[in-house]
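Given next, in structure tokens, is a single chain: the form predicted on its own.
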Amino acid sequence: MIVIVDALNRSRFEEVLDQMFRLRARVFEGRLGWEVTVSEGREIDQFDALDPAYVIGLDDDGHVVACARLLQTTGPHMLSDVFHGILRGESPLRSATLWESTRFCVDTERLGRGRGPNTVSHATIELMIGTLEYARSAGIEDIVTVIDPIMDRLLKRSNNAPYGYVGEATPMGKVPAMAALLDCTPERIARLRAFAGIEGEVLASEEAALARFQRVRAKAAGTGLYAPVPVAAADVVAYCRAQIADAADPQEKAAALELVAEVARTTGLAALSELVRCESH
């Protein structure tokens, strides 16, 4: 499941973003050894203050397992301000229909191997599809992304090969970096879907994504990892009723019912158990 978080809905997804920044810290500083700024376990840089769009992947349990960041090229972005050495003196590409994708990462510790759901391969391709489909819906025609040779090979193996490159491959730390160009066309998306065997909707509604993420909160509350927030029982029931009522399709309703069932087990509210029973028939 992929959810898009931007300036318009950010206030609803602060906890999701917190998990995402923690994932970035584990991957970029911990696993890859990049020189990034990490504070209190979160990797956040100056470009996160520019209201980017985040493409965030959730696994079946509601954990953040993948992410990427999309930023307009008409203002400051990493290729123009950080990796400008790749351009070798050329002016950076700037266009309202060309956006930059950065901070692409996947949680290889939580995800398994293979090709099915909740695997590294599936999460990676799903994140690519979600990025391209969101870009098309937002009127973005092309994406520029700074990658290393390993990512370049991954793109080519997954039928998502760049159609071109900007500047030249340039040493950046331990590996060379290059700026690749991807078009956001239906043909590219179809190739990715065919490669991974992914059918159906990839981009989730805000309500479905929040319902899935709340499974983590509900389970964590039961273990004491998070302190439960005191809320009146009537408010909890009203919230759960609204989640079910707002479901746009059977899949969203099933996700909402799972959430309510988890909250019922955690809180012991008989009204929620009855709500699940009634709505399941």
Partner chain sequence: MDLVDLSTLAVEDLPFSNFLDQVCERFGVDYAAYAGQSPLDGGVHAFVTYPDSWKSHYTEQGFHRMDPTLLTARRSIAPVDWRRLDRGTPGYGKVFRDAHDFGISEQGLTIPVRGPFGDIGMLSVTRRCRPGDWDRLVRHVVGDLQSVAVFMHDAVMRTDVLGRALRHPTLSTRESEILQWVAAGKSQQDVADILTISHRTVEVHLRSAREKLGALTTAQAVARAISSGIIYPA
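As the structure is a computational prediction, the values presented were derived from the model and not from experiment. What we label the rigid core is the largest C-alpha set whose atoms superpose within 1.5 Å from one form to the other. Positions refer to the first chain, counted from 1.
Form predicted together with the partner chain: not shown, discussed below.
J.: Find out whether any non-hydrogen atom of R115 is located within 4.5 angstroms of the partner chain in the model of the complex, and reply yes or no.
T.: Looking in the model of the complex, residue contacts with the partner chain do not include R115, since no heavy atom lies within 4.5 Å.
J.: Closest heavy atom of S273 to the partner chain in the model of the complex, within 4.5 Å or not?
T.: S273: no, not in contact with the partner chain in the model of the complex.
J.: So in the model of the complex, does L127 come within 4.5 Å of the partner chain, heavy atom to heavy atom?
T.: So L127 does not count as contacting the partner chain.
J.: Does at least one non-hydrogen atom of E141 fall within 4.5 angstroms of the partner chain in the model of the complex?
T.: Flag for E141 set to yes.
J.: Kindly confirm or deny that R31, T102 and N159 each have some heavy atom within 4.5 angstroms of the partner chain in the model of the complex.
T.: So, no: the whole triplet misses the partner chain.
J.: Counting only non-hydrogen atoms, choose the one of 66 to 74, 36 to 44, 247 to 255, 22 to 30 that falls within 4.5 Å of the partner chain in the model of the complex.
T.: So the stretch in question is 66 to 74.
J.: Considering M172, I198, L181, V82, which brings a non-hydrogen atom within 4.5 Å of the partner chain in the model of the complex?
T.: It is L181.
J.: Listed by sequence position, which residues of 84 to 109 have a non-hydrogen atom within 4.5 angstroms of the partner chain in the model of the complex?
T.: Contacts from 84 to 109: E90, S91, P92, L93, R94, S95, A96, T97, L98, W99.
J.: State yes or no: after fitting on the rigid core, is the Cα displacement of E252 between the shown form and the other one at least 2 Å?
T.: Shift of 2 Å or more: yes.
J.: Considering a change of 3 Å or more, are the Cα atoms of S121 and E252 closer or farther in the model of the complex than here?
T.: Farther is correct, given that in the model of the complex the C-alpha spacing of S121 to E252 is increased by at least 3 Å.
J.: So the Cα-Cα distance between E35 and R88 shifts by 3 Å or more in the model of the complex; is it shorter or longer than what we see here?
T.: It is closer: the C-alpha separation of E35 and R88 falls by at least 3 Å in the model of the complex.
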